[in-house]
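We begin with a single chain expressed as structure tokens, specifically the form predicted alone.
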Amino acid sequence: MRLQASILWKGLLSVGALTLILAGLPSSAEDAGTLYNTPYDVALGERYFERQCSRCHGFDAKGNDETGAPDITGRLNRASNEVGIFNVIRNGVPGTAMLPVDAELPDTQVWQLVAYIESLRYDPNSVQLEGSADSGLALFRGKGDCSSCHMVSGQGGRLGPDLSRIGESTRPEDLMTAITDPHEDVAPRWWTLEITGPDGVERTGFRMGEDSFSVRIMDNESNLWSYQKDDIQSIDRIERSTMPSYDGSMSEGELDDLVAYLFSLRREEN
């Protein structure tokens, strides 16, 4: 396989690639990723990512709710291996905001970007945790009252992020931070806005969407309110989380159990 990849890199077409071209399909990459996965390649891929990709996916690669860019630090929906990632980057995803990279960008740089994206991922099944996921589930539904705000598998509230697959993209140490210091990193989607509308009525809700001309919020009863900015009398942004900290209200063991449960929330393997 390494020999075939080297031949392809010198510009020769394999029979499989030629078949795809003749069929009129987008060109696909052979698996040359192993040629460009050194620390040097990862560093160059990170540099390109920060310049070109972070505008949508964020510098932490965890995505952006407002642009629709997905979190690419965990399991990827549109690519299951390095070749798939290469093809998404090279060809884009039709019908989405994911555009192809510049056609003149060398394949070498695309592979380095692939290497960086791969470096962000790890096998969650290899992580050993002290807590009990079963005990954490009981805390989530009971003492923690987490389900009143968070949804898991279609059940729960809408006043916080859907946690159905949180274990795919968030490491245990980050989950612990989220439940003990929820104000540390609050996404703009979960900022609270206090808006006084043209009728003089003040309403408070989560920042569902905002552009240069309008803003939309969702109140605690899941009602949506839209405003034209020219009509708003006042608007205040609260960039803190509405989630309480569980540091102090739960024991160290209970926190470990809750993290174990949240980390177990991943898409089932087929």
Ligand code: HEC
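We call the rigid core the largest set of C-alpha positions that still match within 1.5 Å between the two forms. The first residue of the shown sequence is 1; numbering continues from there. Small disclaimer: the values here were computed from a predicted structure and weren't measured.
Unshown form predicted together with this ligand; subsequent notes refer to it.
Exactly one listed residue, out of Val83, Met151, Met98, Ala138, brings a non-hydrogen atom to within 4.5 Å of this ligand in the predicted complex: Met98. Contact with this ligand in the predicted complex, defined as a heavy atom within 4.5 Å, holds for exactly one of Pro172, Gly131, Gly156, Gly144, namely Gly144. Residue heavy atoms within 4.5 Å of this ligand in the predicted complex occur in exactly one stretch of 55-63, 207-215, 36-44, 224-232, and that stretch is 55-63. When contacts are judged by a 4.5 Å heavy atom cut-off, Leu120 does not count as touching this ligand in the predicted complex. Not displayed here, this ligand is kept clear of Ile238 by more than 4.5 Å at the level of heavy atoms in the predicted complex. This ligand is not drawn, but in the predicted complex it has no heavy atom within 4.5 Å of Pro124. Asp199 falls outside the set of residues with a heavy atom inside 4.5 Å of this ligand in the predicted complex. Residues from 74-100 that approach this ligand in the predicted complex with a non-hydrogen atom closer than or equal to 4.5 Å are Leu76, Asn77, Arg78, Ala79, Ile85, Val88, Ile89, Val93, Thr96, Ala97, Met98, in the order they occur in the chain. Annotation for Tyr227: C-alpha shift under 2 angstroms between this form and the one not shown, rigid core superposed.
If you fit the rigid core between this form and the one not shown, you'll see the Cα of Gly84 move by 2 angstroms or more. Residue displacement note: Ile217 has its CA displaced by under 2 Å between this form and the one not shown (rigid core superposed).
Whereas the displayed form keeps them at a certain spacing, the CA atoms of Phe206 and Gly63 lie at least 3 angstroms farther apart in the predicted complex. Compared with the form shown here, the Cα atoms of Ser214 and Ala61 move at least 3 Å farther apart in the predicted complex.
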